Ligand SMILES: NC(=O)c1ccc[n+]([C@@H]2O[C@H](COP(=O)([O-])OP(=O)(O)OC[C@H]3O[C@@H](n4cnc5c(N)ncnc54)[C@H](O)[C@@H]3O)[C@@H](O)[C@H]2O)c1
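Just the one chain here, laid out as structure tokens, in the form predicted alone.
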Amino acid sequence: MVGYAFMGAAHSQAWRTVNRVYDLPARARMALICGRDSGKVAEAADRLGWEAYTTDWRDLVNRDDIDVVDVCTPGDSHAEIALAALAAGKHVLCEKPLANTVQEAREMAAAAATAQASGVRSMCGFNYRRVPAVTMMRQLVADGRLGVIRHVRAVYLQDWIVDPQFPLVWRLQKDRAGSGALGDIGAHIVDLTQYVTGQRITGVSAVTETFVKERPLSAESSGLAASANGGDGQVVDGAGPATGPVTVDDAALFVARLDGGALATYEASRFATGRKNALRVEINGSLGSVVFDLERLNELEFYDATRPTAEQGFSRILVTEGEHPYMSAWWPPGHIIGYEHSFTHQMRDFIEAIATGADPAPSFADALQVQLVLDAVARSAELGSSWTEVEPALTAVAV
């Protein structure tokens, strides 16, 4: 695995757990973790359960005894690491968004398609697909329980950068992160809604905003793990802490059309004061509606319009039964699971796909399609919210 911070810890928890929970046709051995700081990666290896560590990701790619490379770095290094790993015949799991640019994402999807022909698998880490309630939500739609899908409403709200003194971490720099709230959390709701509905976004009208345009420089920062009061700003000639420009969006809002006829609205913001990690999706159809709220991730709200009028109303489904997606390996009904379990489910599906020769999802091609939506949103915002079609992903597949 490359990276050991927030996502690295979440992925490590899943790799440690997956074979202890699920009976799988292959077993994961946590052989080598990579980070740039030798002291910190050594400590992370010990704490997270890795056998060894390195400061050069090429060591992972070149070792003959390593089958899988898990990329948990900032977006500016996804393409280089993933392309090298695929070329070396390694299966690749890459965190979202797939890349910082459409061009990089196209190259990665093409390389994945080429590698696939040789039995090398790749997957993008949209972990919210693996929340059991979300998977069940998709099943309800696929089974026709909602009828014709007409509306999609999705929001993902956080507030961790509301304080203007919060330091200029890598997630606020375009050259490192690619985009701000749009790519960081907006990518999740784009993928989740397309996954649940089975429809793809075809066009958007968008607006983005950067509310705090300058932030204190920090000697050391680590994304969501950084402290608003721990920026250690550098003083310049006694004039106070030095600052740097925020080069990404703080919030992105857009309306969209889906290829099945549904209308959709999306909001992604890291300035929603009081909202820590609030992801909510509502789907309205001709026969019913369904709602998922990440802060109640073991539940769905379901409205069945086919029931007698006197019995209609939103009902609460507790998604903890053994027959619910992924739940057979966990606890008795009513005993809830949490955020970290979505990563365990992700590793389960990835290992199973590799061992059985199946194609895991979401593929790099699926992730490219999400990248194309994000690109359309950014272009629309730059053009004064003009209607912008999502570019086709056809050129992603090598011929």
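Predicted model only: the values in this text are computed from it and were never measured. All residue numbers refer to positions in the sequence shown, first residue = 1.
Below, we refer to the form predicted together with the named molecule, which is not included among the displayed structures.
Just one of 31-39, 62-70, 369-377, 347-355 has heavy atoms within 4.5 Å of the named molecule in the predicted bound form; which?
Answer to the contact question: 31-39.
Run the contact test on 106, 203 and 365 with a 4.5 Å heavy atom cut-off to the named molecule in the predicted bound form and return yes or no.
No.
Tell me, which of 303, 195, 170, 160 has a heavy atom within 4.5 angstroms of the named molecule in the predicted bound form?
Answer to the contact question: 170.
Does residue 215 reach the named molecule in the predicted bound form if we count a contact as any heavy atom within 4.5 Å?
Contact with the named molecule, no.
Although the partner isn't part of this model, could you tell me whether residue 53 comes within 4.5 Å of the named molecule in the predicted bound form, counting any heavy atom of the residue?
Output for residue 53 is no: heavy atoms all beyond 4.5 Å of the named molecule.
Any chance residue 208 has a heavy atom within 4.5 Å of the named molecule in the predicted bound form?
Because no heavy atom of residue 208 falls inside 4.5 Å of the named molecule in the predicted bound form, the answer is no.
4.5 Å heavy atom contact, residue 269 to the named molecule in the predicted bound form:
So residue 269 does not count as contacting the named molecule.
Which residues within 342-369 place at least one heavy atom within 4.5 Å of the named molecule in the predicted bound form?
If the 4.5 Å heavy-atom criterion is applied to the named molecule in the predicted bound form, 342-369 yields only 343.
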